[in-house]
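Shown below, as structure tokens, is a lone chain in the form predicted alone; questions about how it binds or moves come after it.
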């Protein structure tokens, strides 16, 4: 896991960005998702380093816009967003608490074994993939063969 750099000087910005929901999975925020990698101050400029979940993630611009808007609304108008592609984002950056939030919201979180996908509705492992892509490119559509409910699985990325 890549460490996120926080300090007393930037903690208020981390707290603000923890209020910005992921536009694709609103039960978690951009900090929990792991896309906000670092926050620095350079004079009056807040520099936010972002690593998208995919290099071509369709939400990448929206992430940047939401971060800038949140800081601007709170009186911080000098914001610079830096996209950092290395190290690449991976699902190891998701905490167990974040995965539990996804599961509770009906999204099966990434697992170490992509072969055993658990239904977030009835907890069965008797599931099958319906489509490689779910509601977003980072998710696959599955269905449970026991309760027959469809659900998204957040793909494991390493």
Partner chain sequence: MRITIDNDAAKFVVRLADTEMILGQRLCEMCSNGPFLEEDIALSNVALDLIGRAEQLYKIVSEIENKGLSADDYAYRRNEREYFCLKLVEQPNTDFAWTITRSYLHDVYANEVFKQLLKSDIPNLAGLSEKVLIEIRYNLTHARDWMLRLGIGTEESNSRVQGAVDQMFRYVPEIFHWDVVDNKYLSDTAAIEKSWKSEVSALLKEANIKEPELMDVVMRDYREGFHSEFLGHILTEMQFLPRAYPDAKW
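Residue numbers count along the first chain shown, from 1. Everything numeric in this text was worked out from a predicted model, so none of it was measured.
Note that the form predicted together with the partner chain isn't included here; everything after this is about it.
Review point. Thinking of 29, 63 and 76 as one candidate spot, does the partner chain come within 4.5 Å of a heavy atom in every one of them in the model of the complex?
Key: No: no residue has a heavy atom within 4.5 Å of the partner.
**Study point:** One stretch from 86-94, 30-38, 118-126, 101-109 that, in the model of the complex, holds residues within 4.5 Å of the partner chain by heavy atom
**Key:** Looking at the partner contacts, the answer comes out as 86-94.
Practice item. Report yes if any heavy atom of residue 43 sits within 4.5 Å of a heavy atom of the partner chain in the model of the complex; otherwise report no. Key: Judged by the heavy-atom cut-off of 4.5 Å, residue 43 is well away from the partner chain in the model of the complex.
Practice item. Spell out, yes or no, whether the shortest heavy atom distance between residue 16 and the partner chain in the model of the complex is within 4.5 Å. Key: So residue 16 does not count as contacting the partner chain.
Check your understanding: Is the gap between residue 136 and the partner chain in the model of the complex 4.5 Å or less for some heavy atom pair?
Key -> The answer is yes: residue 136 has a heavy atom within 4.5 Å of the partner chain.
Check your understanding: Does the 4.5 Å heavy atom contact test between residue 20 and the partner chain in the model of the complex come out positive?
Key -> Outside the cut-off, so no.
Point to revise | Sequence-ordered residues of 33-63 touching the partner chain in the model of the complex, heavy atom within 4.5 Å | key: Stretch hits, in order: 52, 53, 54, 55, 56, 58, 60.
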